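Here's a solo chain for you in structure tokens, the form predicted on its own.
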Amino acid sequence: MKYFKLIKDIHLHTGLFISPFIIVFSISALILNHNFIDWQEDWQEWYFSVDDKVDKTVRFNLPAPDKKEIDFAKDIIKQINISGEIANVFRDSIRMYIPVTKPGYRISIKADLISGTAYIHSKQTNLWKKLNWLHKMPGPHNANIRGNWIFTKSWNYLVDFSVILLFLSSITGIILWYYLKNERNIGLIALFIGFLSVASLVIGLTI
């Protein structure tokens, strides 16, 4: 085959590049799928946890009132020197709740829009929840504000790129298997089992 070495190199190096991503998603999928950690948390309780516990207070200048809520919230957390993905925004005429999340931390902020004071409560998370964060982010929730942190945007692009490379690695793997005659029989068995597994799931979901 004329391009055998090129295809082999593409298969090898794309596989090496995406292997850390596959490891992260594989481990976190196992944890989520088998409930190794209790994920049934009260998210509203976390969002408003600052009402019960305040770690520190920081003063801020009120942003321009004509800003969108997400931009208003981003301006506040920048002033109080907090970074992360804003999970949601809850606001009335006198206060704004800004739950912020990032690998290893969950931060609940209550911004008093009258006095210009931010009340902050932060909580550290363990390794499994860090992996869970990477697995789920940026995710489909709150599409109008998701990806509001540069790290989350970068992670989103990296995951998309890794999926494309995974597809490329799969295609090159099939091509290599076809031209490696000694591997054809075992390859056919593996390919058949893979297709059978997917077909069973699809059929099961449609019944």
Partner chain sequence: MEINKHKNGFRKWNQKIHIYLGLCLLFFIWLFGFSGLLLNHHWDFAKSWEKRKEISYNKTIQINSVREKNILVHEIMNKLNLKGSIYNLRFSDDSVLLNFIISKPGTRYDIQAHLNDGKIMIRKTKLDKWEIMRSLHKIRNPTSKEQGERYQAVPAIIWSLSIDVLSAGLIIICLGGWYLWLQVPGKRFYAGLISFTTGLFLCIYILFFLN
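Residue numbers count along the first chain shown, from 1. Because the structure is predicted, anything quoted here is derived from the model rather than measured.
We do not show the form predicted in complex with its partner chain, though everything after this point is about it.
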With the partner omitted here, the residue among 68, 59, 53, 34 that in the predicted bound form has a heavy atom within 4.5 Å of its partner chain is 34
Should residue 143 be classed as touching its partner chain in the predicted bound form when contacts are defined as heavy atoms within 4.5 Å?
yes
May I ask you to state whether residue 86 is within 4.5 Å of its partner chain in the predicted bound form, using heavy atom distances?
no
Can you work out whether residue 180 and its partner chain are in contact in the predicted bound form, taking contact to mean some heavy atom pair no more than 4.5 Å apart?
yes
Please check if residue 105 has a heavy atom lying within 4.5 Å of any heavy atom of its partner chain in the predicted bound form.
yes
Does each of 19, 27 and 135 have at least one heavy atom within 4.5 Å of its partner chain in the predicted bound form?
yes
Hey, which residues along 175-203 are within 4.5 angstroms of its partner chain in the predicted bound form, non-hydrogen atoms only?
177, 180, 183, 186, 187, 190, 191, 193, 194, 195, 197, 198, 201, 202
